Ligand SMILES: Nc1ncnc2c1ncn2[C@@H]1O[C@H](COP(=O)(O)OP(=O)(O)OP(=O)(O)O)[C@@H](O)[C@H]1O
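First comes one chain, alone, set out as structure tokens in the form predicted on its own.
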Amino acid sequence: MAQLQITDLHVEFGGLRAVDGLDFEVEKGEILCLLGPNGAGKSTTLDLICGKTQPTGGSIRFEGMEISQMQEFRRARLGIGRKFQVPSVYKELTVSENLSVARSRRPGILHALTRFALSDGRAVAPILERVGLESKADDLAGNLSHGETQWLEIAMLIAQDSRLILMDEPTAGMTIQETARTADIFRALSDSHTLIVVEHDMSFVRTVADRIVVMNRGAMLAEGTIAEIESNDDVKTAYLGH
């Protein structure tokens, strides 16, 4: 059974179908990239999966459970994590403290930090090592580079036990070196996590994608490997016109 199953998914905003009859599956440990022109419905699809937006109709099943009408926080607790385009970290806290907040099951920064101080802080070391921030554990998050801030947010999703991680343009604004490092992180994460990535950097997509779904006007236009997508005439037309 696929870890995520999307069936006839659609959502309307004021009569406009932003996602229109979408169908696809994602296997555990797979890196699926969503491509498409601006306004194709890619980010809205992530919103629907994580619960930020409720669908008008269709089905979303995660590990066999129907979640299409489930609240966003309940989906997060099931193991669905979302990383948005703009990083959301606590800049006034250290890198380790940010992970403490992410790990806490109860709301409130003070509770999270107090609980973390009483627990084994070494638990976060393997997570920081996975994203290359082990040497930054005691640095303030506000002093990190753009790429490092993105990696910290990924680490926070790992700390939340997110088995399915949704990422919206994770390499936007990164240097070439940071983008290459992010590709390495993604490939390593696929050993224990499933990733759905909206991305425009095709060199990055070629490096990380196991499979690609191309969207246009809210619907699936094409699906396949990078080679199959790049040779698809419908995809070329959608991107470049006739």
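Note that residue numbering follows the sequence shown and begins at 1. Just so it is clear, the structure is predicted and the values come from calculations on it, not from any experiment. Basically, rigid core = biggest C-alpha set you can superpose within 1.5 Å across the two forms.
Separately, the form predicted together with the named molecule exists; it is not shown, and the next lines address it.
Note on the partner interface in the predicted bound form: the residue among Gly57, Gly173, Gly39, Gly29 having a heavy atom within 4.5 angstroms of the named molecule is Gly39. Residue Ser43 is the only one of Thr179, Ser68, Ser43, Thr207 with a heavy atom lying within 4.5 Å of the named molecule in the predicted bound form.
Taking non-hydrogen atoms only, Ala18 approaches the named molecule to within 4.5 angstroms in the predicted bound form. Put simply, His200 is close to the named molecule in the predicted bound form: some heavy atom of it is within 4.5 Å. Proximity of Glu153 to the named molecule in the predicted bound form falls outside the 4.5 Å heavy atom cutoff.
Of the heavy atoms in Glu169, some are within 4.5 Å of the named molecule in the predicted bound form. Comparing the forms between the shown form and the other one on their rigid core, the Cα displacement of Val86 reaches 2 Å or more.
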